[in-house]
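Just one chain follows, in the form predicted alone, and it is written as structure tokens.
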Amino acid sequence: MTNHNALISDAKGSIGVAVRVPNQSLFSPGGSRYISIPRKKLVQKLETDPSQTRTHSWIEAMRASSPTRIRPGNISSLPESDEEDEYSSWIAQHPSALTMFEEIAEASKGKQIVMFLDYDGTLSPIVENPDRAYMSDEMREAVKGVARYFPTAIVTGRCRDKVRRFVKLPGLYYAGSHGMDIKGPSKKTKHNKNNKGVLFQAANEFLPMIDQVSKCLVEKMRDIEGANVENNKFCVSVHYRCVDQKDWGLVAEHVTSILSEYPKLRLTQGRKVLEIRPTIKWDKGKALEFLLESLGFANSNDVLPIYIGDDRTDEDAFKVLKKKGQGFGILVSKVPKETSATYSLQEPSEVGEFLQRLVEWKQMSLRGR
């Protein structure tokens, strides 16, 4: 088995453990490709078992969940007044999209809103069994209403076909596998007048490899109670939400062991899930840019993209909007988290309320016209 770790020394007497992960990896908020560990501590670990350092790093990342909380540790252990102060400070920087709705509406005047929506934790609640992450009928009606007035895309880590079965709405753009598998409406709509379904698949050559890894992981995880392996076509998700925390190390060990045989794949993390993806420069931010270009809004000042998501992987899209200085990212979270989003919403029910208000605002503006 090939060991893909490398050691990098620095002037401060620390050693970095370089791992095949993307710049936006969990190991460093700055996006560097290695973790700095005191030399003495790391050497002691390496003398015992070199693979333990890599596995331990992922266990710590798994505990941190995603996105990263601003304050390390358990927020519930803070005094109540400190917790309230922290939340107040965070919400001042990322105010509720419902509270700031009029500001968002004002910014959209004279522009075409394009809506991007994550699925799990945004349109549906986070559930123990990912195969039962159903959206409510009320949420489906809200999304249907938004899509009637604005181009709307579901951008998810899920397999495109699976999330489409969950949503059950035609006329939307579906971007599965973190945007590596994109399909648009095949029928003519007012947002898709050329009657061509957008179809983009960024990593077809990786499909056999992904399938092999998925099968290996299914075998490895059989003996870990609660572990769930999901083949999302262009990526593989290993859910550990229902796994006893004492077994997280075994989950990480199995995943990193298998991945070490596939240098063209990389490991990332979402909310209680480890995800194996191709090592290509493609993510939800790239998918957002691709869809805007497909809709004819590349380098346009007449568009207002709005992206709503709850996960670490949605940060790639938030960062694109922030860099462009155009549109808004909205993070779905009940607790303070590091984010590039402009606004926040607490849970899927508030997402539904926001979408419904957007529909009502559009209807009123049309009547006024």
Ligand SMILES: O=P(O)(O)OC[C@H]1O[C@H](O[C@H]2O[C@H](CO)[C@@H](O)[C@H](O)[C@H]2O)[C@H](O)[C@@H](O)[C@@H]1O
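In case it trips you up, residue 1 is the first one in the sequence shown, and so on. Just so we're clear, the structure is a prediction, and the values are computed from it rather than from any experiment.
If you look for the form predicted together with the named molecule, you will not find it shown, but the lines that follow are about it.
Though the named molecule is not shown, can you say which of Tyr174, Phe234, Phe116, Tyr119 has a heavy atom within 4.5 Å of it in the predicted complex?
Looking at Tyr174, Phe234, Phe116, Tyr119 one by one, just Tyr119 meets the 4.5 Å heavy-atom criterion.
Quick one: from Glu261, Glu138, Glu128, Asp85, grab the residue that has a heavy atom within 4.5 Å of the named molecule in the predicted complex.
Looking at the other structure, the residue within range turns out to be Glu128.
Which among 101 to 109, 225 to 233, 245 to 253, 203 to 211 is in contact with the named molecule in the predicted complex, heavy atoms within 4.5 angstroms?
The contacting stretch is 225 to 233.
Any chance Leu291 has a heavy atom within 4.5 Å of the named molecule in the predicted complex?
Result no; Leu291 lies far from the named molecule in the predicted complex.
Quick one: does Lys215 come within 4.5 Å of the named molecule in the predicted complex, counting heavy atoms only?
No.
Even though the partner isn't displayed, in the predicted complex is Pro151 close enough to the named molecule, meaning a heavy atom within 4.5 Å?
Answer no; every heavy atom of Pro151 is more than 4.5 Å from the named molecule in the predicted complex.
Indicate whether the named molecule has at least one heavy atom within 4.5 Å of a heavy atom of Met221 in the predicted complex.
Met221 lies outside the contact set for the named molecule.
The named molecule in the predicted complex - contacting residues of 261 to 281, heavy atom within 4.5 Å:
Arg271, Lys272, Val273, Glu275 sit within 4.5 Å of the partner.
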